[in-house]
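What follows is one chain in structure tokens, specifically the form predicted alone.
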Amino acid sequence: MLICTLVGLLGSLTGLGGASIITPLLVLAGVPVKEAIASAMVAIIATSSGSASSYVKARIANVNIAMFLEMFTITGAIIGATITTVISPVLLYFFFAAFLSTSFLRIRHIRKEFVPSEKQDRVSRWLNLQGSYYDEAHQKTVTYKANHALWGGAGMFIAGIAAGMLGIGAGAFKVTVHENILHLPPKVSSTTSNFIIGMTALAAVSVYLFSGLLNLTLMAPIAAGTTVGAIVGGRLLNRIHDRWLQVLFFAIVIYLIITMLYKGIISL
């Protein structure tokens, strides 16, 4: 539970959702990979529930954008969870590492300040995918417009498949889609990702429930710890500069990739 409190804090700050971190830790502790994936799904729901309320109240998370993208992620999550129940467990280690490596598509933004789009495509404008929030770290109001809504939806469908298949929320990939395709500010990207991953996880959990992979003994402390950590993270995020959040994001992703590749290789 104490470890998951830290996991919830980190997942809340980075948009990774917590399960991306707790799944490798459970695997290292000897939990079978499919059971770890299914049980860690509760960390996603807890992180999302614990932090999303703070982000919505502060008007950082964009609910309109989140509701649009959830249609794609939920569909993908159900498909992904179904795949996991039938494939070889060894493949999941490598899929996990390969999917996380897509996070490095985001690295070109790490030294750049956010510049809002001046124009907006027709679909994004029709759906009113835009907003603003007050950034406490920079002491200014940030206004933005989302772009390429349909391409963003396609990316989120892929993220949903990975979320359901790997039990990770796919926050890393979702944040990348938000920033590189939809062109959202880093904090809006992270908080909106946290809002979305809870519903994505709930869809996948329904599949794991009927497959008998859910471990209630693991789920209880995971839920308690990640909820507390996520609430704390939700209150801290807006006070931290974007660059530090991005550095933390990549440090965690590199650790997770190495961990899962190691477990995959020794399991061959």
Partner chain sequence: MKPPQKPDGQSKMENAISYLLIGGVLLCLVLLVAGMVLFWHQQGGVSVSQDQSVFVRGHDFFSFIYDQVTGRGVQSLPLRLITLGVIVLLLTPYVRVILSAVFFTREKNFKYMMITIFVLIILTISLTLH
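Predicted model only: the values in this text are computed from it and were never measured. Residue numbers count along the first chain shown, from 1. Rigid core here is just the name for the largest C-alpha set that superposes within 1.5 Å across the two forms.
Heads up, the form predicted in complex with its partner chain isn't pictured, but that's what we're talking about next.
Checking 174-182, 93-101, 145-153, 67-75 against its partner chain in the predicted complex, the stretch whose residues place heavy atoms within 4.5 Å of it is 67-75. At least one heavy atom of residue 129 is located within 4.5 Å of its partner chain in the predicted complex. Mapping the unseen interface onto this chain, residue 1 counts among the residues with a heavy atom inside 4.5 Å of its partner chain in the predicted complex. In the predicted complex, its partner chain sits beyond 4.5 Å of every heavy atom of residue 157. Taking the partner from the other structure, its partner chain in the predicted complex has a heavy atom within 4.5 Å of a heavy atom of residue 202. Residues of 204-220 that come within 4.5 Å of its partner chain in the predicted complex, judged by any heavy atom, are 205, 206, 207, 209, 210, 211, 212, 213, 214, 215, 216, 217, 218, 219, 220 in sequence order. Core-superposed comparison between the shown form and the other one: the C-alpha position of residue 240 differs by less than 2 Å. Residue 127 shows a C-alpha shift below 2 Å between the shown form and the other one [criterion: core-superposed Cα displacement of 2 Å]. With the core held fixed, residue 181 shows a CA shift below 2 Å between the shown form and the other one.
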